[in-house]
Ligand SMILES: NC(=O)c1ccc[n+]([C@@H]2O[C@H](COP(=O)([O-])OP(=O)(O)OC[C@H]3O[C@@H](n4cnc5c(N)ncnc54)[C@H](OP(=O)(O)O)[C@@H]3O)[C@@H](O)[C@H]2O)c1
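The chain below stands alone and is given as structure tokens, in the form predicted on its own.
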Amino acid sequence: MLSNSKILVVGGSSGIGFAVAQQALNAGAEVVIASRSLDKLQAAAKQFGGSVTVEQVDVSDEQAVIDFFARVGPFDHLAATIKPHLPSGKFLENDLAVVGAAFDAKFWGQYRLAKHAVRHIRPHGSIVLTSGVAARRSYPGYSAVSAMNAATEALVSAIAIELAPLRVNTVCPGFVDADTPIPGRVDYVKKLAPSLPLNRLGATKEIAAAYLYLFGNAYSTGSVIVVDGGVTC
């Protein structure tokens, strides 16, 4: 499906991004994974058997983002799956420096990537950003996460119009477990979200499939694909 396509996955060294890179490789794409940590990138590349290219980039640094795209050159699809440390404290108790740093990485990082990717994307390419279900239904301690995810979805709606015919979409994951399940995470989520219709957390490969769909569907733009196991029903 993606043969002769070049896919960039920022945040591709772990989690959802790693699964997107794997599925893109399986679909025949040339894949570049990028993140801030070179050690994590090199460890991920070994898992892929050396079949990916790695690029280090700090999305909080605009010049670093510009230089990153200059090194990569023309490509077809960008997936931004950045997941910084997300603050989960009470609104009145949050450290604004911590909130600001998370917002800078999650929202402004994706903003910088989208802005500077445009001139390098081939015709019929796309950008896929990542939000999260807290944009649609918040939970105690998630005020900052709700704000940055909602801002991401609003950004996609706006730039899908401005950048057309370039397609811009977002994937909105629900609660996802690590590839090696984290003990106690299911119970933690059930306390936050008592309505968990499928009674389990999502797998990274299930979320990754939404990115592949958006790469391939030439009539999808401005879309938010929610993959949450029904938690926002």
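Everything numeric in this text was worked out from a predicted model, so none of it was measured. For every residue, the number given is its place in the sequence shown, counted from 1.
Same protein, other form: the form predicted together with the named molecule, not shown, and the subject of what follows.
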{"item": "The named molecule: the contacting residue among Ala208, Val57, Val31, Val168 in the model of the complex [heavy atom, 4.5 Å]", "value": "Val57"}
{"item": "Contact flag, Val52 vs the named molecule in the model of the complex, heavy atom cut 4.5 Å", "value": "no"}
{"item": "Residue contact check: Leu198 to the named molecule in the model of the complex, 4.5 Å heavy atom", "value": "no"}
{"item": "Touches the named molecule in the model of the complex: Gly222 (any heavy atom, 4.5 Å)", "value": "no"}
{"item": "4.5 Å heavy atom contact, Ile121 to the named molecule in the model of the complex", "value": "no"}
{"item": "Triple contact flag Gly141, Lys190 and Ala203 to the named molecule in the model of the complex, non-hydrogen atom at 4.5 angstroms", "value": "no"}
{"item": "Candidate stretches 90 to 98, 157 to 165, 126 to 134, 69 to 77, one within 4.5 Å of the named molecule in the model of the complex by heavy atom", "value": "126 to 134"}
{"item": "Residues in 100 to 115 close to the named molecule in the model of the complex, defined by a heavy atom within 4.5 Å, in order", "value": "Ala105, Lys106"}
{"item": "Pair Leu192/Val99, Cα separation in the model of the complex versus the displayed form, closer or farther by 3 angstroms or more", "value": "farther"}
{"item": "Residue pair Leu201, Leu192 - Cα distance in the model of the complex, closer or farther (3 Å or more)", "value": "closer"}
